[in-house]
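First comes one chain, alone, set out as C-alpha cells in the form predicted on its own.
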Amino acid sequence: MNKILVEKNCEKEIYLDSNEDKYIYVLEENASLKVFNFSSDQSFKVEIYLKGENASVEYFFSTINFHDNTYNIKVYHEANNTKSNLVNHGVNVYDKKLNFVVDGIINKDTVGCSCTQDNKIMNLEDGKSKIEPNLLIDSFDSIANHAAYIGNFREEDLFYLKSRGISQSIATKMLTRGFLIHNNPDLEKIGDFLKQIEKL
C-alpha cells in the first residue's frame, strides 16, 4: 500500500506506473493534486480523501489490459467546496474481463462540492468489459455527473488511416496511443507504458 499526503495549501503532480495493489491519497485544506496513473495489466484499488475545504483532485488513469483485471477507484468528499475529476480510459486487448468500479461520495452536510467522472473502455476483440460509475451523493448543494462508454474504435477512423497507407496494426497502435495518452502528460515519464502499446 502506498499512502500520499498533500498538505495544506500545497500543489502536487504525481506520475505512477502502478506496482502497488492499493493507493491512498489524503488532501488537506486548499491542497491540489494531479495524478497521471499508467497501468499495464494489474488490478489495484485507489482511495482519495478530500478532507480539507477547497481541496481538489484531477486523476487521469490509463490501462492496457491483457488478462482479467478490476480497478476500484473511490473519492470521498469530506469537506466543503471540494472538487474531483476522474478520467479513466482502458483498452481491453483480448477477450478478457476489464472492470472499472468508480465511486464518487459526497458526505452529508457538505456544500459546494463538484464530483465528475469520465469512464471509457475500448475493446480490440470480444472483451468482457464492465463499468460501474457510482455517485453516492448525500448533499443537495453539490454537482455530480458521470459518463460511461464501452465500445470499439470507429471503423471510419481505421479506414481513414488505412486509406493513407497505414497498416491495420499501426493504425490500432495510433488510436490506442491517442486514447490512452491524454491531458498532456510528460512523455519522458511514461516510457515503459508506451512500450506496452508497441506490443499490440
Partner chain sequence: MLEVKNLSVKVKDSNKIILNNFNLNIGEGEVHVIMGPNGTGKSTLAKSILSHYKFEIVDGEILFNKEKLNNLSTDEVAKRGIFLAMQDPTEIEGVTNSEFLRTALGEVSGNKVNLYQFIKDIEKSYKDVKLSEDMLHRSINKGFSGGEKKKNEILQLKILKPKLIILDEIDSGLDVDSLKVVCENINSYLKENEKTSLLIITHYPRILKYLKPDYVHIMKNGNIKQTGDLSLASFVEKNGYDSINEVDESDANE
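Residue numbers count along the first chain shown, from 1. Keep in mind the model is a prediction, meaning the values are calculated, not measured.
What follows is about the form predicted in complex with the partner chain, which we do not show.
The partner chain is not shown here, but in the predicted complex it comes within 4.5 Å of a heavy atom of I166. By the criterion of a heavy atom within 4.5 Å, Y160 is counted among the residues contacting the partner chain in the predicted complex. In the predicted complex, none of the heavy atoms of I143 sits within 4.5 Å of a heavy atom of the partner chain.
In the predicted complex, K22 stays away from the partner chain, with no heavy atom inside 4.5 Å.
Contact annotation: the partner chain lies within 4.5 Å of heavy atoms from the stretch 149-157 in the predicted complex, the single such stretch among 149-157, 35-43, 48-56, 62-70.
Contact annotation for the candidate site: I170, M174 and G178 all lie close to the partner chain in the predicted complex (heavy atom within 4.5 Å).
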